[in-house]
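Just one chain follows, in the form predicted on its own, and it is written as structure tokens.
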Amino acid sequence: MSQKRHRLVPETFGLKRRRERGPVEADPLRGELGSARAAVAELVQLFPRGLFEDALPPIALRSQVYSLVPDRTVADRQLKELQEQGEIRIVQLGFDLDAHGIIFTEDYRTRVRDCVLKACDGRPYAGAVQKFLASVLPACGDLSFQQDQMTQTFGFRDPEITQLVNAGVLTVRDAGSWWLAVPGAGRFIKYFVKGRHAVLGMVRKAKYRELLLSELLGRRVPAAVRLGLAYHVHDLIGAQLVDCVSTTSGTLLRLPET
């Protein structure tokens, strides 16, 4: 087992003691990753940049952060602070109401500037994208934007907003409202949804619908899991799609009782 995988198995995840409700024992990595910012920094390292030819900024999910910072109240508060400080951007990924992608703002700015502006060079919406990066991104960390906010506060005309949608920087939320978006993220979302189902299926098909984490990570990666097993395991644990149980054989992933 590689050093990275060895580190992942015993340390990365907050574990539930079998049938116990007491506090989880501290471990070395929990101390290192006691903050949401440190968790996001760790998680984006798992993002497979090469799969998308480095055209997407590294994306972590809120659910994955919960796997490293199990106190959701603390995690949400710290993520909100990072959002208000402009260090991260949070985007609605669309496949679930609670599916929030987390991106470091500088990564978002760099990818939009280097990839989107390059692709739309000479097209009408290049100016609108540049204006968005210069005026909106530094000043507003919101998940979505309203019509009056875009037109009155930031001075965008309706055609420019349409250009931002065409460029993939915004997506329509409803009439007069838009989500912040990651241009080209559709392929990532498709891979993520398929991969989540595939990894969950690996646990579901196991005997007693439970599987040692070390065994799961040691298995051949299914073709549907394009983002990597570790990336999805963080999501499954943080989204509470599996329970983590500490055993003498290591961490056990178990489907919750229904």
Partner chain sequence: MLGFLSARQAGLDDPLRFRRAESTRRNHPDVHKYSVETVQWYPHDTGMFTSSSFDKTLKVWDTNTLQTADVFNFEETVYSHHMSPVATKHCLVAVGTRGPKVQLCDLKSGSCSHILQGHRQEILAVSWSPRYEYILATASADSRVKLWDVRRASGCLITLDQHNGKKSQAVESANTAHNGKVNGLCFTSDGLHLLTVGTDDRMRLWNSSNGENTLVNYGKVCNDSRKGLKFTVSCGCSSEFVFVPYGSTIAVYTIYSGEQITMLKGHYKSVDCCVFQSNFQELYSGSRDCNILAWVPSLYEAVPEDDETTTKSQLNPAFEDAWSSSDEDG
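As the structure is a computational prediction, the values presented were derived from the model and not from experiment. Positions refer to the first chain, counted from 1.
Form predicted together with the partner chain: not shown, discussed below.
Inset, instruction - Tell me, please, which stretch of 125-133, 152-160, 108-116, 171-179 lies within 4.5 angstroms of the partner chain in the predicted complex when heavy atoms are compared? - result: So the stretch in question is 171-179.
Inset, instruction - Answer for E81 alone: is it within 4.5 Å of the partner chain in the predicted complex, judged on heavy atom distances? - result: Taking the distances in the predicted complex, the answer for E81 is no, it never comes within 4.5 Å of the partner chain.
Legend entry - the partner chain contact at Q85 in the predicted complex, heavy atom, 4.5 Å: So Q85 does not count as contacting the partner chain.
Inset, instruction - With heavy atoms only and a cut-off of 4.5 Å, decide whether S246 touches the partner chain in the predicted complex. - result: No, no contact at 4.5 Å.
Inset, instruction - Please run the contact check for R72 against the partner chain in the predicted complex: heavy atoms, 4.5 angstroms, yes or no? - result: Yes, contact at 4.5 Å.
Inset, instruction - Give a yes or no on whether every one of Y66, H100 and L143 sits within 4.5 angstroms of the partner chain in the predicted complex by heavy atom. - result: Checked in the predicted complex: all three residues contact the partner chain.
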